[in-house]
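Below sits a lone chain in C-alpha cells, taken as the form predicted on its own.
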Amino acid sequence: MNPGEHVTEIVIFTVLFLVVSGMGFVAARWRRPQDLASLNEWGLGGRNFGSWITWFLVGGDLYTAYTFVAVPALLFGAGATGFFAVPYTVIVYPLVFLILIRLWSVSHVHSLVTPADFVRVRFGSPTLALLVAITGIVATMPYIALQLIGIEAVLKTMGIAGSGFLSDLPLIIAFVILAAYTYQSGLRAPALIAFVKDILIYLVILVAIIYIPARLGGWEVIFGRAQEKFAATPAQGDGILLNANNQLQYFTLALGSALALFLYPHSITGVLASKNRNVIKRNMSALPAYSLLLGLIALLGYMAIAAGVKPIGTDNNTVVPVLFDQMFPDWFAGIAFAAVGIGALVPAAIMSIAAANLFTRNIYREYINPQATDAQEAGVSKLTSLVVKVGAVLFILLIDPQFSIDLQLIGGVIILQTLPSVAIGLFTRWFHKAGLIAGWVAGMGGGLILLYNISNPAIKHAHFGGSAFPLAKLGLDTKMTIYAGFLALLLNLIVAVAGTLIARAAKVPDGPDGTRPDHFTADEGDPRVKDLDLSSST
C-alpha cells in the first residue's frame, strides 16, 4: 500500500493519537494525589475509582486492540469457532462476581497490590507466591506485544509499516510515547484515555454495522457469501455453524478463557483500583454491555468475506483495517484506525503496570530489598514498566509476530494454573501449600506438553500450533478436540488434592494463614486496613 493514497487517514490518525497521548501526560494532575511515589497511587490510581471510571478502565483493559482485529480475523478464517469470545465474555462476569469482591476486601485489609500478594498472605508461602508472580509476568508479556500487532495492522493498511528500521519507526515512536506517559502518570493515564478509546470504538462499530451491510446488500448476502466460502474449503473445522468435531473445543475454550480472564494480573489491577465493593458489583453487572459490542465486532469478519477483502500478505489481522479502508470514506477510516490504535494504548499501559507491580512486590521486595520504602517500590515499578514495554517492542521487531500469538496462547493455558491458589484460595484454606505447588508444577508441565503436541499445517507449525488438542492423541477413536488449558487445569486440581492429602498424612508443616473470615467482607472505610505483613519466611 502507498502512504500517498492515505494522507487523510494518516493525518486524522496522527492528530487523534497525539491528543490522546497528551491526555496521558495530563493525567498525572487528574484527581491529583498528594504524592505519586507509592504503588497505591502510581500503580492503583489511589484505589479510589468510582463506577464510571472503573467501567471504562476495566472494559478498556479487557477488550483490547488485538481483540478488535483478531476476533474478526478468526471468523474470517474459520467461521463460527471465532464466536467463542462472545459466550466467554458473557459467562465470565457471573463467575467472578463473588470472587472479585472477596479479593477486593482482603486486599483492602492487607494493602495487597497483586494476586501473588494475596497468595503470600493466605498460604504463608513465598515460594508459591513467587510461582504465581512469575506466571503472571510470563503470561502478560506476550499479551502486551499483541497490542502492537493491532497498531501494526493499521499502519500496514495506511502503507507506513513493513520491514526495515524506518518502516518500524512509527511503531517505536508510538510505544516511546506510551512508555513516557505511563512512567509519569501510572494507572491514571489509561483510566483517563479509556473514556476516549471507548467512545471512538462504540462510534466506529455502530456506524460499521449499519453502513457496511447496507453497502453490501444486507445481512442475508453477508452470511450467504461466508457460507459459500467455507463450503468450498477442505477444512473440517470451519463453517458458519459448529460441527460435531469442534463443539467440545468451543465449549471448553469458552469456559477456560472465562476462568482465565480475571486471573491475568492486569484484570485484577483494574478491580483493585476501585474504591469499594459496590463499584465492583455495579461493574460486574454492567460490563456485559461490552459483550454485545464484541459480538458486533466479530461480525466484521463475515463482512470482510462478503466485501472480498484480501489480507495484506499473509496477515489475517489486517482484514478489519482493510475492510474499513475499502468501505469508509477516508476521513472516517482515519477515525476507525485511530480507534484501533488508541485501543492498544489502554491495555498495554495497564498490563505493563501490572507486570511491574508483580516484580516489585513479589520479587524485589520479597527477595532483594525487604525493607523497601513506598517511594523505592514506586521507583522500581516505574522502571520495570519501561523494561516490560521495551521487551514487548523487541518481541514485534525481532521475532515473527506469529510467535507472539503462540506465546499468548500459551499464556492463557499457564495463567489458568494459578486458579487453585488465587480463585479457590479466596473461598477455602483447605489446600496445603505443598499440594498447590505440586499441582502448579503438574498443570504447567502437562499444559506445555499438550501444546507442544498440537500441530497446525496452515501456519506450518509442527508444535504449539494452537490450543485445540486432538483427543485421538490420548488413544480415543474420535476427531474431536479439546482446549489444552482445560485438561491442564484438571490435572492441576487432581494433583493439588492428592498432594494436600499426602502432605497432611505426612504431617508436613503448612504455611500460616494471615487472613480471617471477616477480612473477605470488609468494605470502604473499614478500620481494619493495615500494612502488608511479609515477616513469615516459610
Partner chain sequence: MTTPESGQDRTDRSPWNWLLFVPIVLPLLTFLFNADEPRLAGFPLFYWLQLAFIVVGVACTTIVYRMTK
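All figures in this text were calculated on a predicted structure; none of them were measured in a lab. Residue numbers count along the first chain shown, from 1.
Absent from the display: the form predicted in complex with its partner chain. The rest refers to it.
- Partner proximity in the predicted complex, defined as non-hydrogen atoms within 4.5 angstroms of its partner chain, places exactly one of 286 to 294, 386 to 394, 322 to 330, 464 to 472 at the interface: 286 to 294.
- A heavy atom within 4.5 Å of its partner chain in the predicted complex is found for one listed residue only; from Gln236, Asn278, Gln376, Asn369, this is Asn278.
- A heavy atom within 4.5 Å of its partner chain in the predicted complex is found for exactly one of Leu130, Ala438, Ala80, Val380: Ala80.
- Taken together, Ala27, Lys197 and Ile201 are entirely out of contact with its partner chain in the predicted complex: none brings a heavy atom within 4.5 Å.
- In the predicted complex, Leu98 approaches its partner chain with a heavy atom inside 4.5 Å.
- Remark: Ile91 counts among the residues lining its partner chain in the predicted complex, judged by a heavy atom distance of 4.5 Å or less.
- Residue contact with its partner chain in the predicted complex: Leu241 places a heavy atom within 4.5 Å of it.
- Although the partner is absent here, Ala522 is a contact residue: one of its heavy atoms lies within 4.5 angstroms of its partner chain in the predicted complex.
- Of the residues in 206 to 228, those that come within 4.5 Å of its partner chain in the predicted complex through at least one heavy atom are, in sequence order, Trp219, Glu220, Phe223, Gln227.
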